[in-house]
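The chain below stands alone and is given in structure tokens; this is the form predicted on its own.
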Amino acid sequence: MENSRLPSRWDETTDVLVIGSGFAGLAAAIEAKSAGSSVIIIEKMKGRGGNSIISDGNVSAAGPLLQKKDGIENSPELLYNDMLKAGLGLNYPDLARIVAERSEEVLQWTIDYLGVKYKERVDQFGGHSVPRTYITYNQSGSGIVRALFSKVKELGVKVRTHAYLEKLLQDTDGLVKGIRIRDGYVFPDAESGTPKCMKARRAVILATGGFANDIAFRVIQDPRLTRDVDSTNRAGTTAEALIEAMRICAAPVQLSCIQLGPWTSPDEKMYGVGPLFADYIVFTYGVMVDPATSRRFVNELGDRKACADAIMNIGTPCIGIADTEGIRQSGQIIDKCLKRGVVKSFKGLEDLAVAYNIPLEALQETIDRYNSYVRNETDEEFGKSILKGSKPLVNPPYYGVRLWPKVHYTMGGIQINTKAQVIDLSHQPIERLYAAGEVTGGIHGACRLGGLSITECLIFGRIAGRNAAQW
């Protein structure tokens, strides 16, 4: 503990220190400031917004905003059950239930308090039993992050970039009293910048995100996820804050539960534009086939783990296929996908089969069989939900994309309770230390459902901020 003892002099003091400037950190800062605390946000990268700002801006909620109008039966209990099913029962029930029960409230908060605008439709993502996902007007997390930053600025919260969390500082009783940072840090050089000690009169909140791009750390958890497996995340999604929390005995939870996105393409780096086509169009209104057989092999609207595992079992990139009608029904514009060559357009199935070197006759049989399921509104092979208004795949041109999973989200992290307090190895709260967002674990279990990351980050960020301010 020598290198973590309290300094004789603090370089800066505030009530609440928030580490991380994504959804969870910004929500925490807003609530802490609104509760009367002075707040400083610490961000290690040059840019603000973390991985949140490049997410695709979908928020899943069990609420009636659009669902009642569209005749969709939804409830917190149904969302909770969907979470547990996808999570293979590994979810911490009390945390998962908070997300389900407060999802409508936090969605409404983004609209009424932040002024976020959403598209006038509700979508169904894989693993959800009903449509309940709302998409920001610009189909990007930036639509929420910018609104959060606008409120942060309005409230007078300071944001410090190029500030790397080096140590959590505790007193002899184990109370977290502040942090040591490297001010002027330049990623990824942990030795860059000047050491400074910042005191938190009330509490510290960790909102540092996941570790999808920390190859050394993720390989410890899952040896398959080597450097050869790409990630959708920004370079700064690394594990040092998580490791520092564990150093002071924060309990690690399910660190090997690492989610692969099944809708990503090997023909582009990071997240790219392919998921726009695959997730919103192919999985919803089209099919995915094994290139060796031209056969479907999974429920395209299954949860992310089921789909990603199925593709990995095939062993080679698979082919996602949709037609013009599917694009129209989705309401998406795929010009960027086509321009970058990730998605390709074909006059007919024969051209598509030649381009991807897949059996044409078997492909036609697969399409014909799937079309019969659409007409009958029942997928007899894999149980895929045939959404209202879905049309058979008979409207060329056809569109194709190669799909291969990438590391997308880390369900594991440090343990928290319902107050967002960090829990230690003795099952007790680490006093004056809170956490929210992807740095925490246990909420989603083995698999996170699409659209629930933003929901969770905002909910627990707000909880952490309010409680930290009252310490």
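All of these numbers come straight from a predicted model, not from anything done at the bench. So that there is no doubt, residue numbering starts at 1 and follows the sequence shown. Throughout, rigid core stands for the largest set of C-alpha atoms superposing within 1.5 Å between the two forms.
The same protein has a further form, the form predicted in complex with a further copy of the same chain, not shown here; the description that follows concerns it.
Residue Pro223 is the only one of Gly71, Pro223, Gly389, Gly115 with a heavy atom lying within 4.5 Å of a further copy of the same chain in the predicted bound form.
Note on the partner interface in the predicted bound form: the residue among Ala278, Ala200, Cys257, Cys318 having a heavy atom within 4.5 angstroms of a further copy of the same chain is Cys257. Shown alone, this chain has one stretch from 360-368, 321-329, 81-89, 293-301 that lies within 4.5 Å of a further copy of the same chain in the predicted bound form by heavy atoms: 81-89.
Among residues of the shown chain, Asn58 is not one whose heavy atoms approach a further copy of the same chain to within 4.5 Å in the predicted bound form.
When a further copy of the same chain is considered in the predicted bound form, Val253 lines it closely, a heavy atom lying within 4.5 Å.
By the criterion of a heavy atom within 4.5 Å, Phe217 is counted among the residues contacting a further copy of the same chain in the predicted bound form. Though the partner is left out of this view, Gln421 does not reach within 4.5 Å of a further copy of the same chain in the predicted bound form, counting heavy atoms only. For the candidate spot formed by Lys119, Ile333 and Gly450, no residue has a non-hydrogen atom within 4.5 angstroms of a further copy of the same chain in the predicted bound form. Shown without its partner, the chain has no residue in segment 17-47 with a non-hydrogen atom within 4.5 angstroms of a further copy of the same chain in the predicted bound form. Met312 shows a C-alpha shift of 2 Å or greater between this form and the one not shown [criterion: core-superposed Cα displacement of 2 Å].
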